[in-house]
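Just one chain is shown here, as structure tokens, and it is the form predicted on its own.
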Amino acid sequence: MTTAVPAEDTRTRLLGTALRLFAEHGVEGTSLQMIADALGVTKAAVYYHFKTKAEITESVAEPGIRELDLLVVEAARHRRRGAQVDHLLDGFVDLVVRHRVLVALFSSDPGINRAIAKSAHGMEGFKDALIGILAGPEPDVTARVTAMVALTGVAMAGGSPDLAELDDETLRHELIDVGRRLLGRPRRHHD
């Protein structure tokens, strides 16, 4: 007797497969047929869940974007700017480490950036909010550049295949340490 796979399970597998194929071939180099073939289903089964590759791309990115949005809101709730910066940096590093493959796509594949730009959750608002917290109110050019280098550096390094051999905790520790130095935050002492 066979049991039907729940639709949500298929959808989750589809998104995981799409992310893997996007990482291997790029968003634009991955077809719906490739996703269907890798899943062992028909293209019609893929269309049941998503009408376009752009919808798949947005859905692959959505958990990370949702976490980023929540992180900005949580960081902004802190009263002291230092606490805001620390919360945002720690959370951003955690997000980058948890979603390494997705972050690598954001850093290297214009196809995912185009799909996200077309979605309701365009990245500009997030970037402005992140920079605003890290650079502070009415930042000068140096503060804005420092904030951008910290965010971009953490994302690029966290998603880099050159650091893929690092375990999550080592990568997390190193990214936080470097981010704190870039942002002029005091060093944390580790046991």
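Please read these numbers as outputs of a predicted model, since none were measured by experiment. Rigid core here is just the name for the largest C-alpha set that superposes within 1.5 Å across the two forms. In case it trips you up, residue 1 is the first one in the sequence shown, and so on.
One more form of this protein should be noted, the form predicted in complex with the DNA, which is absent from this view; the next part is about it.
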Taking the DNA in the model of the complex, would 33, 41 and 53 all count as contacting it (heavy atom within 4.5 Å)?
yes
Checking 45, 65, 157, 148 against the DNA in the model of the complex, the residue with a non-hydrogen atom inside 4.5 angstroms turns out to be 45
For the DNA in the model of the complex, the stretch among 133-141, 33-41, 148-156, 162-170 with residues bearing a heavy atom within 4.5 Å is 33-41
| request: Please check if residue 49 has a heavy atom lying within 4.5 Å of any heavy atom of the DNA in the model of the complex. | output: yes
- Kindly check if the Cα atom of residue 136 is displaced 2 angstroms or more between the shown form and the other one relative to the superposed rigid core. no
Discussion item. Does residue 14 shift between the shown form and the other one by 2 angstroms or more at the C-alpha, the core having been superposed?
Written reply: yes
